[in-house]
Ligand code: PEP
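Encoded as structure tokens, the following chain is the form predicted on its own, with no partner shown.
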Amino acid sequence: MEELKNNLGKILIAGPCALESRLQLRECVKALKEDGVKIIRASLWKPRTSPGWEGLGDEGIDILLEETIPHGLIPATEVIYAEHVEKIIRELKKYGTDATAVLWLGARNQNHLEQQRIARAIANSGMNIYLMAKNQAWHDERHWVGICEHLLSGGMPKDRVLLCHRGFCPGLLPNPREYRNLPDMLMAMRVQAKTEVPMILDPSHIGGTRDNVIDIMLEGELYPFDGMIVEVHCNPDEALTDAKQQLKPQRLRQHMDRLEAVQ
């Protein structure tokens, strides 16, 4: 995991919710690289709550890799099926067996057979790929631990697995801050201890608005998370997905500067 950490000793994954165009990604990469971000996220296949724009899909794979790896950066994207993994591996191999990438399973991806297929595809590839799993949408600690167990049973090496807390669907629970998803930081810490794999925080999908995202980032600092994944867009108001919760690079930079000042 050391190669994933930034100068704060934490894993920091940042970038647009979804890859919209080469220019959009290039502008964001330039700003984030200047701030020391090493792992650039941009989803290619977007699961949607309601029908809408679903991403560039297969045609975005080359764009994501070309705009990151040659610049010494690590690409990161969500995968839904093992076939997505296989397509990414095929293109990633063009950069050599040492090329690094981070793939993740979203909250909606709860088919344990597919989770194992994805883990198996990565494990058998011989490539330096990390696999992250976000918690499921409903509030259940045992299921969250089970996700990690399915990835390991699929052959994924434990030292290349990490988990992510993105909050749980509010349902009928009190939600005075109107978070998009409700955090349970203590459960995240218990799952981190039980699985003995790194746990990062997703303030974007918990917060749902830019101000809430910052508040969750601040709250997350009170717990020993191993890092965070943050949605960042140079023109968030024009984003095709998650426009309300994506930060401008400057706002992420302000937060990181504050963290460095208290180290």
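The numbering used is simple: start at 1 and walk along the sequence shown. Remember, predicted model here, so these are calculated numbers, not experimental data.
What follows is about the form predicted in complex with phosphoenolpyruvate (PEP), which we do not show.
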**Q.** The single option of 108, 190, 117, 87 touching phosphoenolpyruvate (PEP) in the predicted complex, heavy atom within 4.5 Å
**A.** 108
**Q.** Position in contact with phosphoenolpyruvate (PEP) when the complex is considered in the predicted complex, options 17, 12, 252, 25, heavy atoms within 4.5 Å
**A.** 17
Q: Name the stretch: of 216 to 224, 41 to 49, 192 to 200, 63 to 71, exactly one has residues whose heavy atoms fall within 4.5 Å of phosphoenolpyruvate (PEP) in the predicted complex.
A: 41 to 49
**Q.** Contact of residue 166 with phosphoenolpyruvate (PEP) in the predicted complex (heavy atom, 4.5 Å)
**A.** yes
Q.
Is it the case that residue 104, even though its partner is missing from this view, gets within 4.5 Å of phosphoenolpyruvate (PEP) in the predicted complex, heavy atoms only?
A. yes
Q.
Does any part of residue 150 reach within 4.5 Å of phosphoenolpyruvate (PEP) in the predicted complex? Heavy atoms only, please.
A. no
Q: Look up in the predicted complex whether residue 160 has a non-hydrogen atom within 4.5 angstroms of phosphoenolpyruvate (PEP), and give yes or no.
A: no
(Q) Residue by residue through 117 to 155, which ones have a non-hydrogen atom no more than 4.5 angstroms from phosphoenolpyruvate (PEP) in the predicted complex? (A) 134
